[in-house]
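Single chain ahead, by itself, as structure tokens, in the form predicted alone.
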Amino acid sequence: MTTALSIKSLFKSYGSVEILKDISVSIEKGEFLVLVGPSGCGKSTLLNCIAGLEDVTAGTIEINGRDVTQIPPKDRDIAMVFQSYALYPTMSVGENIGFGMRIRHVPQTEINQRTGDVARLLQIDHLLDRRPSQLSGGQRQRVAMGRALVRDPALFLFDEPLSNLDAKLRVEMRGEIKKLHETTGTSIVYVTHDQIEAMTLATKIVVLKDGIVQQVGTPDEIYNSPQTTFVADFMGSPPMNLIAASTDPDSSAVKFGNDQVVHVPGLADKVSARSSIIVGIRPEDFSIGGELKVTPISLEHTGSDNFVSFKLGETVATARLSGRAHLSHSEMGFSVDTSHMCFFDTQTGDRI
């Protein structure tokens, strides 16, 4: 397959302050790459470097095999969808979508055809004569996407496009973007701080922290096999429980505090000796009934789920159980799906 985007050893500094540190990542044609991380991690700066809106301090950026590191944005064969939509208020929807073609002197018949095709794809063909002020937030976002799509670029760049929408509309638009990607097979780089957006949209995720890549992988790899405690804690809602524990490989025991023990088959293959570690357990990997005795601190019923908080050793953990489970604050037994348990080094936070 053709490589749609290749970033090699990219650095970005403002004076003595390093914002991006040795970023290397690539996607094949048709992949959906999501850059995710907390505010200030460098994800928008990285997107702007790809777009050519920011100069890079070192490293290279290639789009479709062409080195574009020093090439201006207009010559990179990209289209960008911003958080703010950036629509022209005095133009109709159709004129907004076709504006880029008009300034490139594309024939009017072709503009009309491509505008109509994209509008039908996005289900806004009945809005072509309206002005942006007459549209809802979701409709404006579709127009901004249409203006990018009509260009048929090598690479689409999305900068937190759904953050201005309310929760219900955000879910709807997430589905629209996913369906659009599946329909068109376009190559997309998408920035978000929302890990649910990252999990649902991406074919590949890059998790960033302080300008450093923490992990690159599929949503499944990022969620089920986090390589650092940061990734484990950031990806998931509620996040993975990270619990201080000690291990005894000889008896396959993981001990939380004095009297809470979980036996892990094959523990000796995962940790080499008796040691203090951090154990990662997803909330959904607890189930009622088992050797682990806990007393709930709090119970939260959300309809579909019950969230139970309890102490494991000195750490407060959370279990996600069925909303139909009948729970009380009295002591209960839990079992743990140990096949998904993760082990991390207490000093570095790296996966063991």
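Quick note: we count residues from 1 along the sequence shown, nothing fancier. The model shown is predicted, which means the values in this text are computed figures rather than measured ones.
One more form of this protein should be noted, the form predicted in complex with a small molecule, which is absent from this view; the next part is about it.
Residues with any non-hydrogen atom within 4.5 angstroms of the small molecule in the model of the complex fall in just one of 316-324, 57-65, 298-306, 43-51: 43-51. The small molecule in the model of the complex comes within 4.5 Å of no heavy atom belonging to residue 290. When the small molecule is considered in the model of the complex, residue 342 lies well away from it, no heavy atom lying within 4.5 Å. Contact annotation for residue 19: at least one heavy atom lies within 4.5 Å of the small molecule in the model of the complex.
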